[in-house]
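Just the one chain here, the form predicted alone, laid out as structure tokens.
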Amino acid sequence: MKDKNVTVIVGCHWGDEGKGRAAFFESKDASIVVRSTGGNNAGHTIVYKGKKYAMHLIPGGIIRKNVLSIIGPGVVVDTDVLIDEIKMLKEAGINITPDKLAISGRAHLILPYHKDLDRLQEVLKGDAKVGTTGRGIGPAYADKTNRIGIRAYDLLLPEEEIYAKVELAVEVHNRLFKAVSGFEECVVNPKEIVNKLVENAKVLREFIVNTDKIISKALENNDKIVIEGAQAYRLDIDHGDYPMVTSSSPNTSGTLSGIGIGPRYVDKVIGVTKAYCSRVGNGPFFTEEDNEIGDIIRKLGHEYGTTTGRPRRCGWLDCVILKSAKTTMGIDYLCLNHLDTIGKIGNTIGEVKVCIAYEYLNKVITYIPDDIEITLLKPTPIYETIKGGWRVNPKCKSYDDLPIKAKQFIELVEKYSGLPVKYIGFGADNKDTIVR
């Protein structure tokens, strides 16, 4: 048996880099595509044959024929959102059957009270709020860790058993809702939650299975598996910009753990980045341009959240983070998206910048300092600059077809990240991808 038949797609900065597109491109010869962490706080947009598909839970591979899409145990699932996605895909002509979609019975569910808890906790944090999407992701993961979570398997239980689990789960939450002014109306009626779960179970029960068996068989048969990561490196709860992080582990190891695949099976890890950086919510962003330049990047890159619609913070590409991601995430290759956009930005403002190092505590460093809360100092980016910009021909088919300055940009990224750029995205459609 060949050991290595798994490709992992991970984000290198703060998400929204185009992982869904990269995973969809890789899935053309795959048998299984997996979503293994996060919840519907992630958004993946696929443009295929002129059609746009915006998904939040189901992997982009669902669009391909003869590919099974799996939602793994490490995902937290909002059943309302999932049902809406299934409906959207069916209306788009994609036949969603148990041969096309599998949901791990061990995946935990996001329930309405998790969203109320999300709001409440942000209010209590005041100026220290994280800036979450408000989708209930963190509270759902907290219930999972506290061992009072409701799982997909629970949808298959008799109604009275579901009630007992929900009643236990909300006991502490209801005390909190009653104690905080303005949240008394959020007190949970377990019966209402159970009614919702019973109704949604009618749609989802045929998809709920033991995904471990499916994955084990695919590994034994040497079938290609693509794991579509959620969020990104700097949002990792252990290795990111804590506390301004997500509630799961979107690093490569956490992504593998979320579906239950050991590292020995990994063939390659593809790190995805845009040719500039963006971030949703609060937290450090050393290359941010909170000015007219940032506005231009946002406008030309259409940087508004797939999930929330919020305008994203924007700035220059940070190769220090890429270099750190190389080792922490075990990245083999980069997928560099928005090469056309950064060229337009250069044409508009007269230059393109790439961060290659920081100045911090009177030293030049090429790592991410984790003590900025202690020193109260912000690293100053050191940039390499390319004058002007470029235009990428939409009919471009190879690296050789790219403009000289675009190649210079790619070479800068490779030099200072230490990673080869293997995939280059230069348009909205999945076909607008160069493979080197």
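What you are looking at is a predicted structure, and each value in this text was computed from that prediction instead of being measured. In case it trips you up, residue 1 is the first one in the sequence shown, and so on.
Although it is not shown, the form predicted together with ligand IMO is what the next lines describe.
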Report yes if all three of Ala42, Thr132 and Val245 come within 4.5 Å of ligand IMO in the model of the complex by some heavy atom, otherwise no. yes
In the model of the complex, which of the stretches 226 to 234, 289 to 297, 349 to 357, 156 to 164 has residues with heavy atoms within 4.5 Å of ligand IMO? 226 to 234
Can you pick out, from Ala102, Ala218, Leu197, Ile137, the residue that has a heavy atom within 4.5 Å of ligand IMO in the model of the complex? Ile137
So which of Val188, Ile150, Val280, Leu256 reaches within 4.5 angstroms of ligand IMO in the model of the complex, heavy atom to heavy atom? Val280
Is Lys19 close enough to touch ligand IMO in the model of the complex, meaning at least one heavy atom pair within 4.5 Å? yes
Applying a 4.5 Å heavy atom distance criterion, does Lys125 contact ligand IMO in the model of the complex? no
With heavy atoms only and a cut-off of 4.5 Å, decide whether Lys363 touches ligand IMO in the model of the complex. no
Using heavy atoms and a 4.5 Å limit, would one call Trp14 a contact residue for ligand IMO in the model of the complex? yes
